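There is one chain below, alone, in structure tokens, taken in the form predicted on its own.
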Amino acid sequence: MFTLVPFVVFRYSFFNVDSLHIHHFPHRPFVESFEETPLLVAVLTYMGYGILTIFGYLRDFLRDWKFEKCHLAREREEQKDFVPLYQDFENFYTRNLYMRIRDNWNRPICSVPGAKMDLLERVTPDYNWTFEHTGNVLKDVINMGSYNYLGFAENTGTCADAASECTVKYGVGVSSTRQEIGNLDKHEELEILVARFLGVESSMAFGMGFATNSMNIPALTGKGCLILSDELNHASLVLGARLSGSTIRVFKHNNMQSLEKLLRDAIVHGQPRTHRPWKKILILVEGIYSMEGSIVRLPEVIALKKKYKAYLYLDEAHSIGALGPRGRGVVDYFGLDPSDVDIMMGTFTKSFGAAGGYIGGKKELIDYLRLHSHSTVYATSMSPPIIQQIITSMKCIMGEDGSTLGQERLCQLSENTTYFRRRLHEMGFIIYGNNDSPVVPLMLYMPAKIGAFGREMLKRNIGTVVVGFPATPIIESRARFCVSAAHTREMLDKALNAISEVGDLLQLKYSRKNRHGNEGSDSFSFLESHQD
């Protein structure tokens, strides 16, 4: 018999940092909940992966002896003595585990991915190796997976009309870089607006959000510099750090003690071997972490970066537009001074319903990046209708369109997030993240339940995103919901009812807390107060 002792962590932090310039909410509560994996669930999850691995090796043995056909790309027999292009062991997971549940991803959408969407139906004759379209369309599937936080992914309304007019005037493509003849007046209008929206001196726009991180970090740091990166940072931040050639050290997720220890060691010991001072120390964090739903402890990070004279790079891809009373991101959420963040990065792909990214900061920083960033020098300029979509939606959020639509959507997103998270807690699911985060991870754990959850939800006309290893730790597979201002209460209730039904079917209600938000007698509650 296993004795299950649940461990529930509720973090309440009241920020009281004298060195920070705080405009709003000087004592804002910071509430995050993380419930540890129940012991029996963890054991069964490891057993599930173990069984799948054993059968995977058995099937590979059958493939080697030609008893079973392998559909993945392989070297030809006459090239077997060459350096292999395809590493068999690296593709083991893809062949034997991912293929079993591949039907949950890359589903073709044939409508605007708004609050509801239409999906093309497909079937597989060979266990997910290939797919065939049936010609049928699944209508009005409730979209709980897109990053459409403020509902601007739409084909009607002021944004769509403005983008259409811009297309007629400027066309779709620019066919040149910003440094050559691809710099339109629209690009400069956008950058001036973004700087004003963020409250910084200057800003710069890029055509791709991923490249905004991966191509600009190498322009900011190099050999002899130190990058301190949160362990759960996005792949674009990780790639940018690696491409820079800087020394990289990783601190525990949102753990200020871990970050301060690395900062202190960096100051005391300097560079390896020579012990010379680091040329630059750059801290990389995100506003909202897209797999955890957690919010960065920004006031404490700023206090540490000031204390140790480091630089701060803040990725607001998921938080810009989705947090703060004015939708200005995590800086606005905590009521901090934007000048305390050295490099403010974000994307237009989520809250603005467009594409691309930006970097904001001091004018000297932006002028430097215009000359040294590969995204500027070599990348094609952002498409004009995309620019217009961003401008129109941003002005709507700022209230400069003469309406209150932007503020109404911000309030609706906050209400929907609170309601959705509260209902899931009451149902008995384990969910991660901050109470104010519209990214809501629901824990599935076992590998077989990843595919089952996605399929069962689609049967009930709910589109969801399921995530497993290697995107998450091996025993922390999950479904990730993204709440939108475009979701009505009726849509959320329908989705919640379906989630509860599937949760009962697959036995996903792992939480050991009492229902309706009260902790059970066998739970632990922690009250943490963080002060500098």
Partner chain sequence: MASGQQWVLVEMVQAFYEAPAYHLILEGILILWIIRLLFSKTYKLQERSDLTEKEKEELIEEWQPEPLVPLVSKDHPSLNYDVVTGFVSAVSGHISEEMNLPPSHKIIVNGKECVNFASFNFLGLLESERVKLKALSSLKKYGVGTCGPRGFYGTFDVHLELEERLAKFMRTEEAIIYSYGFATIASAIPAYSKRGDIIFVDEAACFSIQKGLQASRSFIKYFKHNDMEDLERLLKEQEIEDQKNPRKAKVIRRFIVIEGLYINTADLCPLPELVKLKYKYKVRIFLEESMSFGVLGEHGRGVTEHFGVNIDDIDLISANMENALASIGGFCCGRSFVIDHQRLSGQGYCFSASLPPMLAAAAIEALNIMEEDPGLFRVLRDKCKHVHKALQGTPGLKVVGEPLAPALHLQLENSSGSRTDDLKLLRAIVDYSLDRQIALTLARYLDKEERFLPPPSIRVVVTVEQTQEEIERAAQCIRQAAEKILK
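Positions refer to the first chain, counted from 1. Source: prediction; values computed, not measured.
There is another form of the same protein, the form predicted in complex with the partner chain; it is not shown, and what comes next is about it.
- Using a 4.5 angstroms heavy atom cutoff to the partner chain in the model of the complex, all of Pro277, Ile343 and Arg370 count as contacting.
- A single residue from the set Gly157, Gly399, Pro108, Pro325 has any heavy atom within 4.5 angstroms of the partner chain in the model of the complex; that residue is Pro108.
- When the partner chain is considered in the model of the complex, only one residue from Thr418, Ser403, Asn136, Gln179 comes within 4.5 Å through any heavy atom, namely Gln179.
- Here the chain stands by itself, but in the model of the complex one stretch of 165-173, 407-415, 325-333, 431-439, 165-173, has heavy atoms within 4.5 Å of the partner chain.
- Although the partner is absent here, Arg242 sits close enough that one of its heavy atoms falls within 4.5 Å of the partner chain in the model of the complex.
- Residue contact check for Phe251: none of its heavy atoms lie within 4.5 Å of the partner chain in the model of the complex.
- Among residues of the shown chain, Thr464 is one whose heavy atoms approach the partner chain to within 4.5 Å in the model of the complex.
- Proximity of Arg460 to the partner chain in the model of the complex: non-hydrogen atoms within 4.5 Å are absent; the residue sits far from the partner.
- Contact residues in stretch 213-250 (any heavy atom within 4.5 Å of the partner chain, taken in the model of the complex) are Met215, Leu220, His234, Ala235, Leu239, Arg242, Leu243.
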